[in-house]
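Listed next as structure tokens is one chain, alone, in the form predicted on its own.
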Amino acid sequence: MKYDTIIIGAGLSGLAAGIRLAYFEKRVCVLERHTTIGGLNSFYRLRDRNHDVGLHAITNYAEPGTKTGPLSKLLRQLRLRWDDFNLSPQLESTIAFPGRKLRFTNDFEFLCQQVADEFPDQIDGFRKLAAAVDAHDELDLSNRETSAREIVSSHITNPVLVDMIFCPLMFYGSPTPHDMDFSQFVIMFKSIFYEGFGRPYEGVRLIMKKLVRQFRSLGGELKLRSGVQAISSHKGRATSVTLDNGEVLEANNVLSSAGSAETMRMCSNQTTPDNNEQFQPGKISFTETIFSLDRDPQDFCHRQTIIFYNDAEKFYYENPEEQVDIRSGIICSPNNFEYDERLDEGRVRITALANPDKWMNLPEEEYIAAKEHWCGEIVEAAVKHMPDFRDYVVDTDMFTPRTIKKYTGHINGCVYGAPHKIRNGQTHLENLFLCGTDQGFLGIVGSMLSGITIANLHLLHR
């Protein structure tokens, strides 16, 4: 049996590409190493509780029926309805720095007023930055990498405001320490500040199940427990993939959402550019601690959807020297969206930068002890920015860069992939393409648009 396209990875980008191809009657097979779908945005059940892995919120929120924007485009391309995602908007989020706060909602003018109130001498520069964002075509796949910090700093002279703008954008989408490519900055600026946050009442599992159902209804084939060990090639073309169990599957094209470095390591051809800087893996990773509570956060006066906090004089977005950097982080409360009814249990999720090297090879006892230690440190940092919730905790789970690597295959447990993105999705093999994290469109909606974009650009005409 030979497929038109084999897709490696049943995450958001891989499934979206699969739906797009299957709609046009291509014979498509999506391969997933693990027992469940989702990749970086998966879900799991532990001690009778359902947990999301990657989803804090879906960026690029739009009201149902909106005709323009990334979410509207995504639904049209996948032939899905607004109700299929069932998104509710955020209540309100905050960027909290020492002595400074910026609140924001899904209304950009609200943020502009916040900047005007907190940094009155910077509001003109902030609006000029917004104009530069509007003028930039972030979807142009030929864009060269450009320092976002240089461009932002040319409009905004207060370094604290510069850091406050970068903080949520980096935490939600930068594989690069200290800076971002300007195209990536524009994508994240629009998705977070222009469009904002939403969430399905049922979490990410609702979206993943809708994607799988749509893919299979169009004739697509999904194989779980089917990791790819190697991609074979001949005369500059990928010819087949070999699964972990030794099975060989042939295809006219291969599309990988596994990451650029990870995909290159699968290639059996010895001329693979393993040492090319373009294919080096990233090192930005995180820990996340999920607290289940015996009450809704709003019952103890916490109504913020997401808090991006930084307690240091400057915002350091980098691979920390210690196992975890508690100087900054993200506090997410999945309860604090405008649902029609409350969730069945309270949740608080806290994310912090982590050093992958200091987690990967710990003996099990040391690993468990390290998680317990840092869980306490992370909470101490977080309760400076929200009401103390520790008396309400009924269950806790924590994952680390080691967990991320185990369940996604991403080298170093890097969440946002390689620093250098392959925007056109092309590799050294004529018919091997990349989508997802290392193509460059990040976030829930961005990942799916990445799969769609590469399918449209390279595979539908073949």
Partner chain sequence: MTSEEIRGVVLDILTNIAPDEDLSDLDDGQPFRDQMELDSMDFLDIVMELRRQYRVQIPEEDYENLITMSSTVTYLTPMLKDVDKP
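In this text the structure is predicted, and so the values were computed from the model without any measurement. Positions refer to the first chain, counted from 1.
Not on display, but discussed next: the form predicted together with the partner chain.
Participant: Going by heavy atom distances of 4.5 angstroms or less, which of 314, 79, 128, 384 would be at the interface with the partner chain in the predicted complex?
Facilitator: Selected option: 79.
Participant: With the partner chain left out here, work out from 367-375, 186-194, 149-157, 69-77 which stretch has heavy atoms within 4.5 Å of it in the predicted complex.
Facilitator: The contacting stretch here is 69-77.
Participant: Test of understanding: in the predicted complex, would residue 460 fall inside 4.5 Å of the partner chain by heavy atoms?
Facilitator: Residue 460: yes, in contact with the partner chain in the predicted complex.
Participant: Can residue 444 be called a contact residue for the partner chain in the predicted complex at 4.5 Å between heavy atoms?
Facilitator: No.
Participant: Using a 4.5 Å cut-off on heavy atoms, which residues of 4-25 contact the partner chain in the predicted complex?
Facilitator: Read in sequence order, the residues that approach the partner chain (within 4.5 Å, in the predicted complex) are 20, 23, 24, 25.
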